[in-house]
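Next up: just one chain, as structure tokens, the form predicted on its own.
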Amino acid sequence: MPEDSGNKLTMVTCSAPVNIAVIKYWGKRDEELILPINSSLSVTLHQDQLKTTTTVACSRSFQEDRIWLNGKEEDITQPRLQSCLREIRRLARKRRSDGEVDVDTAGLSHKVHICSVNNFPTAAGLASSAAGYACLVYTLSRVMGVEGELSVVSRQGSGSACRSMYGGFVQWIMGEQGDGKDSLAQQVEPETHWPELRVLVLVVSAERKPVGSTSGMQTSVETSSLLKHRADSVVPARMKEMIEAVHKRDFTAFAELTMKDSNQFHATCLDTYPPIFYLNDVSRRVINLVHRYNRHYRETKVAYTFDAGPNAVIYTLQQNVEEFVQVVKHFFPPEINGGQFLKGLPVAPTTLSEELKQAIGMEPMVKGISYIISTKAGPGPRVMEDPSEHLLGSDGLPKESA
């Protein structure tokens, strides 16, 4: 619940997850409202491994809205931040004018202080903006007593943020209306639906990507005829097939669609003029590794997908995790620097057969992968009840650790 101390400081802290699309969103039909040219579908990753935590404080004593991201004060006037703030405040005022008595009206005219931290590299193709805006909107809604369809609000911060408003398997329905009210996220299945599904994030680079998603997809919409074909003729059928694969827990169908859609997304980046290169040499080696591994077993045991960056996200089933992690360690030997190569859910070591190593037949590449995050599907945003988890102090400023 919002914390209200003697100086009328209301404070709420929430966390929100990263999501990784298996049917990709790329291209907007409306830049301002962030309306996509195609629907998309993602898996929400578990917050024990990847999350954004946000504290929002509200007080009469605050002179202006302020925001701190990962320890650094940022510009609160950034248009997408303003869109989310404005929309939540509008919805809060609407609830008050509709006479809903449980709305705390005192804070509606007060300024807010926002502090947000990620437990993973920001802007490295790990969907940081999705988790960030989902967390911002969810936390603001709790402070201001707003309920209802929040994915429409978070979409106005970052398109894929709407999918981080739910756990499990989530579709973003593109919608058709000009005002974007029907462009929203919907849970396809909860995180408990497919307990055997596991996710490995292979972090190739934690550096900021050279072409941001916003400018990249705008250029693609303007110049790529392949992107138009994808949106009109490919994605609608793929969405139906993917939803069916998820419902049936059909890993082969899920995996093959995931890889094909990732490849087509990056093909549209190449078809953009001038072309955009998000994958690097390590990314392409991971793609080869996955196909050779699957070919050896004559079945699709592992799938890759890449967002707008070089990091690979691997989907597989629980029974394959130990061996595939060992395969990655063998062909991308970690640096001996004492750092933790495998983070997240524990994976027991195993030995690889010589037959498998020879079948893959690639030269090992030292330092190609910085580390692996082992995770699974997880729930949507949640309120953190423990006051010690607030990122802002009683003065409304970031604690030292934040």
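Residue indices: 1-based, along the sequence shown. Note that the coordinates shown come from a computational prediction; the quantities given were computed from them, not determined experimentally.
Below: the form predicted in complex with a small molecule, not depicted.
Visitor: Give a yes or no on whether each residue among Tyr293, Val327 and Ser353 has a heavy atom within 4.5 Å of the small molecule in the model of the complex.
Guide: Per the other structure, none of Tyr293, Val327 and Ser353 touch the small molecule.
Visitor: Applying a 4.5 Å heavy atom distance criterion, does Gly159 contact the small molecule in the model of the complex?
Guide: Gly159 belongs to the contact set for the small molecule.
Visitor: Please tell me whether any heavy atom belonging to Arg66 falls inside 4.5 Å of a heavy atom of the small molecule, as the geometry stands in the model of the complex.
Guide: Arg66 lies outside the contact set for the small molecule.
Visitor: Using heavy atoms and a 4.5 Å limit, would one call Arg249 a contact residue for the small molecule in the model of the complex?
Guide: No, no contact at 4.5 Å.
Visitor: Test of understanding: in the model of the complex, would Glu191 fall inside 4.5 Å of the small molecule by heavy atoms?
Guide: Glu191: no contact with the small molecule in the model of the complex.
Visitor: The chain here is shown without the small molecule. Which stretch in 82-90, 213-221, 251-259, 236-244 comes within 4.5 angstroms of it in the model of the complex, by heavy atom distance?
Guide: Result of the contact check: 213-221.
Visitor: Looking at Ala308, Val201, Val286, Val170, which is the one with a non-hydrogen atom within 4.5 Å of the small molecule in the model of the complex?
Guide: Exactly one residue meets the criterion: Ala308.
Visitor: Select from the listed residues Cys14, Leu391, Met11, Ala21 the one whose heavy atoms reach within 4.5 Å of the small molecule in the model of the complex.
Guide: Partner contact (heavy atom, 4.5 Å) among the options: Ala21.
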